[in-house]
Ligand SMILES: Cc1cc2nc3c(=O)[nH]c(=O)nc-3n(C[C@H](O)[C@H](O)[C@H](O)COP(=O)(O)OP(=O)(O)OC[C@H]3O[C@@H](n4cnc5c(N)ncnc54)[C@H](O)[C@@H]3O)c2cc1C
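Form predicted on its own, single chain, as structure tokens, below.
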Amino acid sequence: MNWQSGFESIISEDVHLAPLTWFGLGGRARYFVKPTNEAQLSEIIKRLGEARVPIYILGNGANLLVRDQGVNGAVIQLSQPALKSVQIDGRTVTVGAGADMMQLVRAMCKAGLGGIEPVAGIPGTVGGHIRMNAGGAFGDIGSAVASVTMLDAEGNLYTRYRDDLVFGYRQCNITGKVIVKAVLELQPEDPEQLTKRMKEIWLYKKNSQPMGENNAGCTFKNPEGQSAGKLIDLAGLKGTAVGGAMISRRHANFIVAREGTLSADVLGLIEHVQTIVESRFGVKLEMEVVIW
């Protein structure tokens, strides 16, 4: 049986991925799939595995660089209502992996539930935030996660709970193929105070990062005990460009894509930065941005 059989209505072919990423760069996906519910998602994952078609999970495209040649596989986006629903039960919130995190933060602050406002201003979906344990100086998402439900490569649904979850700097021990939903345990707080804190965190990011330009957030992880941005700055690389890609003058750990930029320009600039920083400081910068 063809893996697409019966799912033709939710599968597109030769879809341009650049408009779906914050960089606005990259080629096309051979297949693009938008499941409407968990059952469809499970069956699609199972079939793709059996057909040996590579699988890529797309959130909001905020931490992603797609190569110019695109991807020869199936890109799955959890953007349908059933896969981004939010249910509040006291201080427990069950949320679909496709939910927009910035919208969720605002909603929880308004509801008087604190714990995820530290990720205010960090774009992406709940699934993407959990997978990379998104966060910053104010905290990370992992501290609020009580459980994560995911699919394995055969499309089987299973759940891992807090005592079996390990969150570290920009990583976690989740190995499932697709995160489907999560349960967050939040703390009741005054809505006005939460909203004030959220706005302060957001303004801090707005004032220190190039939020109005095409970029994918921090390009490199911070080496232990050091700042990637500071190392890049000390190496004199602010404003350095390869083609249309340039190191932001506002924050050295951001690469911005100007008009006419190719993904190859960004990749070339990444390699240049890694080479210079390693030669100057003996530090090999590791990628934070995901590359397809």
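Because the structure is predicted, anything quoted here is derived from the model rather than measured. In this text, residue numbers run from 1 along the sequence as written.
The protein also exists as the form predicted together with this ligand; that form is not presented, and the subsequent description refers to it.
Only one of 74, 144, 182, 122 lies close to this ligand in the model of the complex, with a heavy atom inside 4.5 Å, and it is 122. In terms of contact with this ligand in the model of the complex, the residue from 29, 62, 245, 45 that brings a heavy atom within 4.5 Å is 62.
Contact with this ligand in the model of the complex, defined as any heavy atom within 4.5 Å, is confined among 86 to 94, 192 to 200, 211 to 219, 155 to 163 to 211 to 219. Shown alone here, residue 3 lies farther than 4.5 Å from this ligand in the model of the complex, counting heavy atoms only. This ligand is not drawn, but in the model of the complex it has a heavy atom within 4.5 Å of residue 135. Remark: residue 235 does not count among the residues lining this ligand in the model of the complex, judged by a heavy atom distance of 4.5 Å or less. Taking the partner from elsewhere, residue 57 is found to have a heavy atom lying within 4.5 Å of this ligand in the model of the complex.
Taking this ligand as positioned in the model of the complex, the only residue of 248 to 269 that brings a heavy atom within 4.5 Å of it is 254.
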